[in-house]
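Given next, in structure tokens, is a single chain: the form predicted on its own.
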């Protein structure tokens, strides 16, 4: 009897457990949803920039680099896509030290890094040999400052510039000298570089055609610090004007020494010495100098660019930053039109582009030169370089009249800041 009671108790317990299991069936734990895969990393497209980042004109090289960098960073902020893929642009910068040998070395370095395009170089004497390296590699190159005609006379289809040529700039400053200063005799000096000598040649040619007597050419170098022997010789010939083809680093000392020797001639320069740095290097002797620039002055760049540059770098652009900004944007815009960063695919778009940039409308001719490039004449007034005239299509117009016309044509983008000279925090070029 006890055994039977024990068995019944076990049976009851098992039955209870069975009923409980059926009535309170456990639900499976929810499985967490799988995390979405991370988005693919953006495709990196490299754009090179080259200029002198050390040495006497490093301030100009850095200014050029800043212009290119601003364009790249603005493009990245838009969420750029090419071929359906997200793209991140990367600016690769190199220092060519304004030296042709170094220039070709860093040009090859950029080719090896597989850059899609290049902004630079700054100096004509460096840009010309470097352009051959890029041509062999089929990489588009746009210079924002090299003005020697030879650059685009080589027949390279991948080489462009967004400034005018010396055979436009030289006649512009020479014609202004001839018509406004009316000199009977002019002395011409150059620094023996491709830029300085080439520009001086154009000035001399134009002056002679205008019936002005030009003294036998005098030469220095791009590192000459003492011009007194040359200037003493010229003083005895009593020139009414002295033109120097070279950079501000040597042009400033030349002008200062000329005034110290009592030379009262008007001193004139090309774009390489057309900066506020001349006041620093020549002191009060720089007052009244005349100089030219192969393009519109910084003050005439569009307001959007000027504001963005100041906000980014906390200084005003010096000279060619609007042009290198445009050069970088031309590469980027051409890639967008071709929907590809492949140089072979976007180069045709670059050659036929029509683009409204910080320095105005940009189109290229068959050689890669900017069509209808403006020239600007400046003077040093109160220690600042001020634009006084714009030359376009062989016609000279006062700078204030040019600005008024620009404001009337495009009030939203007019360079209203042009009423006051920009403050140049750093020195100048070529």
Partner chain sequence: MDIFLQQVINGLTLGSVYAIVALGYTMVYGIIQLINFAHGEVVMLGAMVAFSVIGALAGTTLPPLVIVLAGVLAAIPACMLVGYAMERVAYRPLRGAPRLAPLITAIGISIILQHVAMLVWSRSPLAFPQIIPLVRFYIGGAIITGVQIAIILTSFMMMGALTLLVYRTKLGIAMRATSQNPHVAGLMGIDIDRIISFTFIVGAALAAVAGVMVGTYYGIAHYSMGSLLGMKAFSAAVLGGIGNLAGAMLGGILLGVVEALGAGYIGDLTNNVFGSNYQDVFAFMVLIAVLVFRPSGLLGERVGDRA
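If you're wondering where the values come from, they're calculated on a predicted model, not measured in any experiment. Numbering follows the first chain given and starts at 1.
Here the subject shifts to the form predicted in complex with its partner chain, a form of this protein not shown in this document.
Novice: Counting any heavy atom within 4.5 Å as contact, can you tell me which stretch out of 357-365, 381-389, 66-74, 46-54 lines its partner chain in the predicted bound form?
Specialist: After filtering at 4.5 Å, what remains is 46-54.
Novice: Within 4.5 Å, heavy atoms only, which of 294, 249, 301, 172 is in contact with its partner chain in the predicted bound form?
Specialist: Of the candidates 294, 249, 301, 172, 249 is the one lying within 4.5 Å of its partner chain in the predicted bound form.
Novice: Looking at 209, 113, 261, 344, which is the one with a non-hydrogen atom within 4.5 Å of its partner chain in the predicted bound form?
Specialist: Looking at 209, 113, 261, 344 one by one, just 261 meets the 4.5 Å heavy-atom criterion.
Novice: May I ask whether 92, 109 and 155 all come within 4.5 angstroms of its partner chain in the predicted bound form, judged by heavy atoms?
Specialist: No, the whole trio is out of contact, none within 4.5 Å by any heavy atom.
Novice: Since only the chain is shown here, I'm wondering whether residue 236 would be in contact with its partner chain in the predicted bound form (any heavy atom pair within 4.5 Å).
Specialist: Yes, residue 236 lies within 4.5 Å of its partner chain in the predicted bound form.
Novice: Hey, in the predicted bound form, is residue 225 touching its partner chain, heavy atoms inside 4.5 Å?
Specialist: Yes, residue 225 lies within 4.5 Å of its partner chain in the predicted bound form.
Novice: Indicate whether residue 370 is a 4.5 Å heavy atom neighbour of its partner chain in the predicted bound form.
Specialist: Contact check for residue 370: no, nothing within 4.5 Å of its partner chain in the predicted bound form.
Novice: Would you please decide whether residue 216 lies within 4.5 angstroms of its partner chain in the predicted bound form, comparing each non-hydrogen atom pair?
Specialist: Although its partner chain is absent here, residue 216 would touch it in the predicted bound form, with heavy atoms inside 4.5 Å.
Novice: So which residues in 241-258, when you check its partner chain in the predicted bound form, have a heavy atom no farther than 4.5 Å from it?
Specialist: The stretch 241-258, when checked against its partner chain in the predicted bound form, contributes 249, 253, 256, 257 at the 4.5 Å heavy-atom cut-off.
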